[in-house]
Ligand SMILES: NC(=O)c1ccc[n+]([C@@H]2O[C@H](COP(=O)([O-])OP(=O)(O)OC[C@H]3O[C@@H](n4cnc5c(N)ncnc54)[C@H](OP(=O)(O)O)[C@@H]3O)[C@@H](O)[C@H]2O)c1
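Before any questions on how it binds or moves, here is one chain, the form predicted on its own, in structure tokens.
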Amino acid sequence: MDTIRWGVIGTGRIAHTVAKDFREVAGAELAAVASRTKARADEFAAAHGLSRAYGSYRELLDDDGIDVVYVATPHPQHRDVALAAIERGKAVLVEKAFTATYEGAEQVVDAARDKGVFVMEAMWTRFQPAVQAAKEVVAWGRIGDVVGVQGDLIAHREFDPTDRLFAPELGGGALLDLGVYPVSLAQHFLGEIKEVQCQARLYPNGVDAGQSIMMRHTGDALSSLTCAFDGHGPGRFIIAGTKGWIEIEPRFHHPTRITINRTGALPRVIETKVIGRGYAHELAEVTRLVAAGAVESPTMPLTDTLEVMRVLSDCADQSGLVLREATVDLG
């Protein structure tokens, strides 16, 4: 298979942003788009030079000319769309958060493993060269044993209950949109999570404006994480060790630089180059792995996705949030 042909389901903000990076990925072609309305699909296809536009999800899923489906719908719709793609034997890249609930994530992962189909969560942060450089520095022991991380992702948005970001039925709130980033990165560096404690601040419609998340990992390493829509913050992430620390420079979810600080030594700065808007790195990973016949990514394995979704579900329960998967009409 010379070219991996992609289709995108959903035409919202993230789909438009990610679509622009396909031009940077060798061996990948974004060929088709599906929306609930043909007009929106046509508009998206024209904007990004796609050859096919569908007015229903089913038409794209049934297109034999599509190898990978990128699911860019709101969180509660990810489960049903991913399951439909897996049933048809198509590889799937699912936008984060992977699903709205841990149970939904389990269903998708079980289906993918049963079918032997490639599925990955679109956690682009893990594929950023700066984050991979930090992972290597930790592996080399430059900061000693890692004892904890601190991270914040606070992105101010005016509260608008009609916007997807704040709509309960669409999985709105800070936890799924922002909290998934620091939780996933903490799990990436510190591993299995043993305990979770969360506190939330809620909007009048019951979705969360902000979350404070404390986690204890295997080996007693600790995470202290914050996310919010109702404030401002630097977006900093620090990995603390027994001999020093690494700062992933703000904003940590798409960084280009890390600083390594060691006791008794001058700081060392590592600069990295990002391809496109930064999404090209994960798109290239999926394209390469699907072409090779792989069913999981070693950088973003399904076990990690399940672990992160378990934490997010625990936080939702502790915060009194009601998160549900949606039943999707494929058209």
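Note that the coordinates shown come from a computational prediction; the quantities given were computed from them, not determined experimentally. So that there is no doubt, residue numbering starts at 1 and follows the sequence shown.
One more form of this protein, predicted in complex with the ligand, exists but is not displayed; see below.
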{"property": "One residue of F127, F252, Y181, F229 in contact with the ligand, assessed in the model of the complex (non-hydrogen atom, 4.5 angstroms)", "result": "Y181"}
{"property": "Proximity to the ligand in the model of the complex, single hit among H188, H217, R142, K96 (heavy atom within 4.5 Å)", "result": "K96"}
{"property": "Any non-hydrogen atom of R236 within 4.5 angstroms of the ligand in the model of the complex", "result": "no"}
{"property": "Proximity of R52 to the ligand in the model of the complex, heavy atoms at 4.5 Å", "result": "no"}
{"property": "In the model of the complex, D177 touching the ligand (heavy atom, 4.5 Å)", "result": "yes"}
{"property": "Distance check, H281 to the ligand in the model of the complex, heavy atom within 4.5 Å", "result": "no"}
{"property": "Segment assignment from 29-37, 264-272, 61-69, 294-302: heavy atom within 4.5 Å of the ligand in the model of the complex", "result": "29-37"}
{"property": "Neighbours of the ligand in the model of the complex among 159-180 [non-hydrogen atom within 4.5 angstroms]", "result": "R164, L170, D177"}
